[in-house]
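One chain follows as structure tokens, the form predicted on its own.
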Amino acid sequence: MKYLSVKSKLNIDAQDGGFTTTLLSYCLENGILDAVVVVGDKNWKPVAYLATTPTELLKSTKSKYSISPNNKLLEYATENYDKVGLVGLPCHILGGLQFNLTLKVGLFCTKNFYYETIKNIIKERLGLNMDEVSKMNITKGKFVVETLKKKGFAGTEKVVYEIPIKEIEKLCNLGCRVCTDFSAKYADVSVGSVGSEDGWNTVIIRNKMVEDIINEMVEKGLIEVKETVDIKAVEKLENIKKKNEEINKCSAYFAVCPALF
């Protein structure tokens, strides 16, 4: 396992460093993948779809913090394409193990919300409609929402809103409360922002296939890499989610023998 900070050299309007989109584009262009399950959105409501060209990936570059049924597409994808990829949260990657996938790209995840919940949080806490949002992020203990405010005749100005995640975490999806996987440990490669400077991705390489692909991308000038990841920052969040293992044990005990509680 190897940790890298990575930034795409392509001009992509991405969430952080643009690594995932650049990786998938390279794989589709070079026959490593025939198709990949990714997530676009309709007014920030996740819409999973199958991309077969780099152009089709461009609708999937921003993070959404609502539940997306990515894996519903895997049966169709694996029946109709030989080399299929999946981009998803740790829970998607775990579910994807039952399919014969060529590449699994896991995204760091602390928690997720139902779409109506996130919509209500943004409306009630920030006074914003979803169509005003230009970017969302969960970072450094905060839920961050960005909008673009008109400035001058043709320019725009970024406006940033923050909500401490502790104030809204009780509203997250119930499954997230028992999840023990932050970094998608069953993926071939894991991607996030924790541990790298702003504008870069933290990438965890989990097998030689991915290491070879990344080396090829570096040689072709598609990405810039640094070995500067703050691994302890990643491990800190991994350990927080691992604490759910104890909660799960208690839940299991309660289910088996409720009289003890």
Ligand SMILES: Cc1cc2nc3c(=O)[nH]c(=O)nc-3n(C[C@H](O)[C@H](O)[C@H](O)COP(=O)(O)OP(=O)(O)OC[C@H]3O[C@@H](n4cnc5c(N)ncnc54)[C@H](O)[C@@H]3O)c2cc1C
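Start at 1 and count along the sequence shown; that's the residue number. Note that this is a predicted model, so its numbers are computed, not measured.
The same protein also has a form predicted together with the named molecule, omitted here; what follows describes it.
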Contact label in the predicted complex: Y65 to the named molecule, heavy atom within 4.5 Å: yes
Do S25 and the named molecule come within 4.5 Å of each other in the predicted complex, heavy atoms counted? no
Give a yes/no on whether G85 approaches the named molecule to within 4.5 Å in the predicted complex, heavy atoms considered. no
Is T110 close to the named molecule in the predicted complex, meaning a heavy atom pair under 4.5 Å apart or at it? yes
So if I measure heavy atom distances to the named molecule in the predicted complex, which of the stretches 141-149, 163-171, 76-84, 110-118 falls within 4.5 Å? 110-118
In the predicted complex, the one of L101, I122, V133, V191 near the named molecule [non-hydrogen atom within 4.5 angstroms]: V191
So the named molecule isn't shown here. In the predicted complex, which residue out of V39, I204, V229, I214 has a non-hydrogen atom within 4.5 Å of it? V39
Go through 1-40 residue by residue and record those having a heavy atom within 4.5 Å of the named molecule in the predicted complex; state none if no residue qualifies. A14, Q15, D16, G17, G18, F19, T20, T21, L24, V38, V39
